[in-house]
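Single chain ahead, written as structure tokens, the form predicted alone.
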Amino acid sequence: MAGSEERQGLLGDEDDRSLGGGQTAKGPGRPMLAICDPSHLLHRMVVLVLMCFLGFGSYFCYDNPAALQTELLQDLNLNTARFMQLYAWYSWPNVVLCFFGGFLIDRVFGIRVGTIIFSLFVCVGQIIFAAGALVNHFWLMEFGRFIFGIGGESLAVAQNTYAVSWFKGKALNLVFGLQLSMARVGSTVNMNVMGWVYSKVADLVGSPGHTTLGVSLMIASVTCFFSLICALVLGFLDKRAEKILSKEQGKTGEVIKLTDVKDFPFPLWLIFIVCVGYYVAIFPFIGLGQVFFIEKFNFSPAEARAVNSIVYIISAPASPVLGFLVDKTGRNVIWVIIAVITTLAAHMMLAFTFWNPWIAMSLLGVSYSLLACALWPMVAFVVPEHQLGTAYGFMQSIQNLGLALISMAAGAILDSRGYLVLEVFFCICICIALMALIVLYFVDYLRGGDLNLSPSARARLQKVATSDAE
């Protein structure tokens, strides 16, 4: 889920006069109240709040399995391999939908109807997932996660499209930062609240079990229903603004041409390897983290959930700060290398030491945020603008494919070999990403590329290229 949201900070920074302040309703009569005027800042702040909560339910429920790992394994009598299928089934539909989500929004549904449809998929998927636990049918839970996955990633695309439509201008990057922070808040609240919800439901029901688990997951679906209400209200406000300001519906700007894949340069394929090698060592680990901290460090379930959520807690404030740092300094490859090495050190600390895991997880949170800010923008430096939609779609596609496969592999390794071997496996994945980065550094250096330039040097290079083209 992190890929689609983090890359959107690359979008344009042009002014949108139709959304500027100071306009009033068309036609005669008194001006509208500020909160009712689509051109007024106060009205747009209301829209921004709705945008931020649009994906809250999706991010809250995505890591429900991680927050209730112990309860899922016990109540449904699962092994870890079957447990990780819940994450794999989320990723499978997004191997394909990364290419077609933007097309469906732009050409088929439109942003307003598309957002409502994707929110419905998220809501229905979570309800089916909870119902599967209620009736103790794991296949139904897997089907629910599949439906949930169809809506989850595409809803993130719709959320970003709304942001561009309403805030295209100097505030756009701030808006994307706020949306990303709200996503992390959703994940963090889930990690720290669902265990408490489960215990309260268990007190009411009388004992733990699949019924308690199902009721707890059904309560979590309320957040998805809340996001669906936000989608409905947002669609109404956007339709109203279209009439008042003669504003067109938002477009994703994603032009997907699969024939462009054969023209991708070698550095882009190295970036793909880094992306997959890195993220498969983050999200599957968080999915399995709760029991790891309970078994190795003798944490209580509440403490384990808290330390497991620190990556998301740090990412919320750190992402905009580190993004600003990378923007000002450039040197993207160097920053990504620092992030990957720090992540490798954190995993080695968790694997081979008994140091307080808060240290390693805090390092993991900072390095994860840094990599997201420095890696995704590099795609725009190595492919022409008309291929960006295809490049990012392909990057998200193979990321989801890697997450699906590694999630299943991680569960099988944990069942047969234990957590130490699993951590070594994650370290190997990160080492693959590091080797690809080193090759990328030298390839970019030999080709005279600008992946590792300072912002001023990159601006001079672009100015020369523009003058040559003219």
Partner chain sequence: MAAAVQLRLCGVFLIFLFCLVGLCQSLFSRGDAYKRQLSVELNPGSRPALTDGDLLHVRAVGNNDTLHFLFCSLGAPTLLLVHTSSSNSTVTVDWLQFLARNTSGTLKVEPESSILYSTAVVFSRLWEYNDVNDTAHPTSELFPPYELQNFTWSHLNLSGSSALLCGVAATFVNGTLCFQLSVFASEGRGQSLPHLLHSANSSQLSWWLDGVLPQATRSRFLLELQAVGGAYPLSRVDVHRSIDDEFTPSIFKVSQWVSSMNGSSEVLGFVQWKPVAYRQSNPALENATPCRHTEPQRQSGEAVAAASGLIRAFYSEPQTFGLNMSFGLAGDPFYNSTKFLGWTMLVGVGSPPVDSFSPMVLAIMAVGLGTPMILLLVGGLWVCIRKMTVDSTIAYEPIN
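All values reported here derive from a predicted model rather than from experimental measurement. Numbering follows the first chain given and starts at 1.
Keep in mind the form predicted in complex with its partner chain is missing from the figure; the text below concerns it.
In the predicted complex, K257 stays away from its partner chain, with no heavy atom inside 4.5 Å. Contact annotation: N298 falls within 4.5 Å of its partner chain in the predicted complex, judged by heavy atom distances. Within 4.5 Å of some heavy atom of its partner chain in the predicted complex lies at least one heavy atom of L446.
By the criterion of a heavy atom within 4.5 Å, V47 is excluded from the residues contacting its partner chain in the predicted complex.
Contact with its partner chain in the predicted complex, defined as a heavy atom within 4.5 Å, holds for exactly one of C36, C431, L41, L405, namely C431.
A heavy atom within 4.5 Å of its partner chain in the predicted complex is found for one listed residue only; from Y392, F146, F292, F272, this is F292.
Note on the interface: of 418-426, 47-55, 61-69, 397-405, the segment with non-hydrogen atoms within 4.5 angstroms of its partner chain in the predicted complex is 418-426.
Contacts to its partner chain in the predicted complex (heavy atom within 4.5 Å) from stretch 345-368: M348, A351, F352, T353, F354.
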